[in-house]
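Only one chain comes next, encoded as structure tokens, the form predicted on its own.
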């Protein structure tokens, strides 16, 4: 029995290691390639260099694309979090007809392919004559990232006991005062996690800026896409490596916030 348990543990660890290797292998290859002297994606590595990173930081084209992505990601995170917070509070605490239908409709973009949404956005905004600017890309990303943020904040809000609100209002506080002084501070970790998720999804998204941005709005993913098609060099690997590292850090931050929130809930219960 003891041997069987050890054998099962060993097999389980090997399986987990295999899955992790399978998932991380493409990213590891890109990271290695970013230090390769060869201009193309060739193995074995022909020499070690940091020139591709220097190309990235010295290129005004790459820097402009990075700043544009940061602007779109930040604006999307702010707008999505504000809208999702209001919707999450209404859906979690409200009692009105059609609440379930409203929830399903709000998370529908989660199951619709991004390509379909991007085409729909293109025809809609083209008819209005407002394509080719930053704001339309932010609106498109807001629709795409809204369901994830809504689910994250709703989950956080469900962990806030309604008794706290009843106690606050029984002591004379209005519903608005109760929301801002009791509920809102407890929702902040969920809102921050949702905002970070929204930023991550927006920052990496390719199709919406490709359809709505035109030639005037070039984000980091669209810049990479253009370089892949017309002028490939290992600067793309360097940029991809930087994105992977930054995104991994933000994901760890989100996980840390989520774990801290769940721990507080456990202590409160």
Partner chain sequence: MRRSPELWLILPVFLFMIVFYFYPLISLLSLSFEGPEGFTLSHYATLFQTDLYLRVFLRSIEVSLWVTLFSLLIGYPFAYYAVYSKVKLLLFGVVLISMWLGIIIRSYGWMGVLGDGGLVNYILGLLGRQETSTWLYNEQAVVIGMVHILMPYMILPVYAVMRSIPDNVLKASRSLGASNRYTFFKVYAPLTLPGVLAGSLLVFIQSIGFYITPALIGGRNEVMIAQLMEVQVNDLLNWPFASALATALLIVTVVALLVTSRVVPLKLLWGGR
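Everything numeric here is computed off the predicted structure, so don't read it as measured data. Numbering follows the first chain given and starts at 1. We call the rigid core whatever largest set of C-alpha positions still superposes within 1.5 Å between the two forms.
Separately, the form predicted in complex with its partner chain exists; it is not shown, and the next lines address it.
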Residue among 192, 134, 151, 182 with a heavy atom within 4.5 Å of its partner chain in the predicted complex: 151
Taking 4.5 Å between heavy atoms as the contact cutoff, choose which of 120, 188, 78, 162 touches its partner chain in the predicted complex. 120
Within 4.5 Å of its partner chain in the predicted complex, do we find a heavy atom from each of 30, 87 and 110? yes
Partner contact for residue 37 in the predicted complex: its partner chain, 4.5 angstroms, heavy atom: no
Though only this chain appears here, would residue 68 touch its partner chain in the predicted complex if you measure heavy atom gaps against 4.5 Å? no
Using the partner position in the predicted complex, report whether residue 251 sits within 4.5 Å of its partner chain, counting heavy atoms only. yes
Residue 83 near its partner chain in the predicted complex, any heavy atom under 4.5 Å? yes
With its partner chain taken in the predicted complex, which residues across 205-227 come within 4.5 angstroms through any non-hydrogen atom? 206, 207, 211, 221, 224, 225
Superposing on the rigid core, I want to see if residue 11 changes position between this form and the one not shown - specifically a Cα shift of 2 Å or more. yes
